[in-house]
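The form predicted on its own is given below as one chain in structure tokens.
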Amino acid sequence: MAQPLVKKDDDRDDEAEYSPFLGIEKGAVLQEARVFNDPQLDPRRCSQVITKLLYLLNQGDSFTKVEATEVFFSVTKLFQSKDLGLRRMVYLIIKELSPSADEVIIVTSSLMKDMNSKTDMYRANAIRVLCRITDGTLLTQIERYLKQAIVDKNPVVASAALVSGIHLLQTNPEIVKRWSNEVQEAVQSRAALVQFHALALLQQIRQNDRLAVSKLVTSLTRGTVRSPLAQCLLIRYTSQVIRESNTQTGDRPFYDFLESCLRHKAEMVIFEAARAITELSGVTSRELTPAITVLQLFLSSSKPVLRFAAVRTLNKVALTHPMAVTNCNIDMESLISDQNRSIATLAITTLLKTGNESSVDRLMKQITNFMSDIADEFKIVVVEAIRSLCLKFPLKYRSLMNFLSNILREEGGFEYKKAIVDSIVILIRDIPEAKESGLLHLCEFIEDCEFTYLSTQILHFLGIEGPKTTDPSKYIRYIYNRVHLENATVRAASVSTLAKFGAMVDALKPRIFVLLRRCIFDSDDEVRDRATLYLNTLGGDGEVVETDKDVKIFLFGDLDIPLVNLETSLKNYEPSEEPFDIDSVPKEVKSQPLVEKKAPGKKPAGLGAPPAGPPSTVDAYERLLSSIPEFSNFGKLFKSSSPVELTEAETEYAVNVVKHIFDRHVVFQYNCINTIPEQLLENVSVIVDASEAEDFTEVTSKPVRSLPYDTPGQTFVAFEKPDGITAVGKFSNMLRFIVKEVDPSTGEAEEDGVEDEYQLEDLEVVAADYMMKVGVSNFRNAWESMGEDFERVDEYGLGPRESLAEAVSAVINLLGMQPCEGTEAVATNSRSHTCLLSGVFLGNVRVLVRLQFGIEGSRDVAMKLAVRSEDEAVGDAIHEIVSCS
């Protein structure tokens, strides 16, 4: 039999021409909708017109109020037709049109009639439509019918009522909660969908009552759930109860139920249970074993969806329990050649996480053939997994580095190439033996690199690492080629890199000078300016002399000032006889504005709401404090903290405090707001008890004369502390004021007031308050340039900790320093970690810290602390902070 409508493969590009909706216009369809008014209705034609209307609505076309009303009233006339297909389309269009409250009345009687019809299809759809377009008033009228529908013998009707209840719970929760008995009965239904929808609704009704949810799970885990879909829901609710119970491993509730679900006849239930077990907090190898066994069986399933689900779950487990997944490696190796590339990618990355050193070479051969067939997003995942594997097995760096260099030459987008370059850079930094080969691979890549950003980053990295190699001269050719063959941005970066080689390798200076002189005639002014600057800085007369330390600092030193702060200071600088002073630029990186809102309109606005942002906040504080005579002789402000809340949300008075640190003083700025409209506060001050801060002596305070409703005000208290000491302590705070009643009609306050007090939260000055977070772009260079003159190293025991990450975070918060190069992130289940910190201590003393952590089986954490600073006393102070904590 001929099939003329089947298209050939080469006609796939013309598929759009076969769309029945191609080229339809709203105006023409609205004209067609007049068929709804015909005396003799044509059900087939009416259904086609409704289909076009639904298509337009779902494509984003909007109807005006008049158009929607005309279509709605026309559609209501179609209720007179007895055609089942047309009636279903009528239900759909009414739901999509979402008629207004006054229009709903027109169809309410028809829908209620259908809801009580003997035709089950009418009843189910009428319930869905009514619940979609109804409001609370009408809902109370039909509530009795909905309750009956929930326990109806027909599963289609019961499911429709239950699904409608799930939607109505968002808008009319009080009414839906009255259906608990009927829903509870529906949970025992033999129909799979009814049980599924009933369980979902019952859990949502009880979700705010943890005990009720726990009882629900307890009753249903005894085997009364027959529907696989409902069983999957029950597993998820069980996992939630386990998480909220916070019980330790061994007496975990409901684990036996999860394990029993692994033997269910439905595959979806088996997988849901296996995934739930793998995601349990603190899951042990013994608990994981049955789940891993089931997932291993799924790996060899004939169904792609099961293979994908299993390998994705095992991929996540491999992050925390790699040894538990090793038994599945043989099965996963067979998935590398899977037709579904998502499955193959997950298999590869899981194998890279769980494989041992002997399997690396075999995996690399398999991956090489696999990489060309997958998209860039999957390739990036593989590259990151290979990077982790190389750091795990450093001795295999040759094969892994060769693999990265080979795929670097292949076609690919920016993100993919950037991931490869980043991986090579990390391997060079962490594996010294890989430096020479890694730098050569990068040099070969920039010979034919189409991405300017990557070229400049690689050139910058070459300038830092290249001069430290055994034969720096071999990189000069690659760098100078960029001066001839690239755009101006890359040429300028090449000039800077050449200058760094000349500064670090005195034997190369004459050759570097020749190349830099050629760059003076470049067509781009940035390239010419850089070449001239470096020639003059290095001594362009060609003599081979040792480069000055100041020149090396100029070329290699880190700018310890945030660029956003420098930019703002330069914009605010007014040309005058005094040159711009770079030391006046704030060095602290502020991560948040002066004030965050706790409740809309009810939060202290700091300095009367100064502009948000790092430099403007610092400048605003400096200007404010210098304008107050009592603080004018305190000297230059070193640091201002982020606001510390002293009151809870939605209280009568909102108060936060900012700690301003000077060399010999600390000023507390209390930002206050009166949130009571009927009150005026006068003579507002904060009484500070410093009995637990022995090193501080109160010297002065400045109250607020008047604090009207919702108007910010600031009161200050200043303390003196010994010079050169990181004084710490706890301060108790009491807000004291005179309160006067305000007449709401006139807004005038009474003359007589009552003295009152309001207890605030305690405030602490900690060691981190004396440290500014100032990062460095290259920690190794900064560490080496600091020198060993004032280095101090010691070891400390930090006691038992929940994890290594918790210990690292605690020390970072204690010191208040800026983590460098992402070293604050600790790999899951890592037994050791190195963290690099940078900052500026009170007195503008630069400090660098290298922390090395190790955790033992008993969870005891040991730490080696190395500090380098410009002042020996500061290094001692850092060690004292750690030892006393």
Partner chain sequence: MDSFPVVKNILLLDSEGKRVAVKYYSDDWPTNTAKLAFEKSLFAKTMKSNARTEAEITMFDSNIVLYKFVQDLHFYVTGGEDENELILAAVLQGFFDSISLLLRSNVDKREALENLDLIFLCLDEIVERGMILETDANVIAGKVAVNSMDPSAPLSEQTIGQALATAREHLTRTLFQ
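Numbering follows the first chain given and starts at 1. Bear in mind the structure is a predicted one, so any value in this text is a computation, not a measurement.
What follows is about the form predicted in complex with its partner chain, which we do not show.
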Exercise. For this chain shown on its own, do 147, 257 and 277 all sit within 4.5 Å of its partner chain in the model of the complex, going by heavy atoms?
Worked result: no
For this session: Answer for residue 238 alone: is it within 4.5 Å of its partner chain in the model of the complex, judged on heavy atom distances?
Result: no
For this session: Although its partner chain is absent from this view, report whether residue 632 comes within 4.5 Å of it in the model of the complex, heavy atoms only.
Result: no
Exercise. Is there a heavy atom of residue 59 no more than 4.5 Å from a heavy atom of its partner chain in the model of the complex?
Worked result: yes
Exercise. Any chance residue 95 has a heavy atom within 4.5 Å of its partner chain in the model of the complex?
Worked result: yes
Seminar exercise, completed: Answer key, its partner chain contact in the model of the complex at 4.5 Å (heavy atoms) among 84, 485, 687, 676: the residue is 84
Exercise. Among the candidate residues 213, 408, 193, 637, which is the single one with a non-hydrogen atom no more than 4.5 Å from its partner chain in the model of the complex?
Worked result: 193
Exercise. Any idea which of 766 to 774, 469 to 477, 687 to 695, 264 to 272 reaches within 4.5 Å of its partner chain in the model of the complex, heavy atoms considered?
Worked result: 264 to 272
For this session: Taking only heavy atoms into account, state which residues of 27 to 59 are within 4.5 Å of its partner chain in the model of the complex, ordered by sequence.
Result: 42, 43, 44, 51, 54, 55, 58, 59
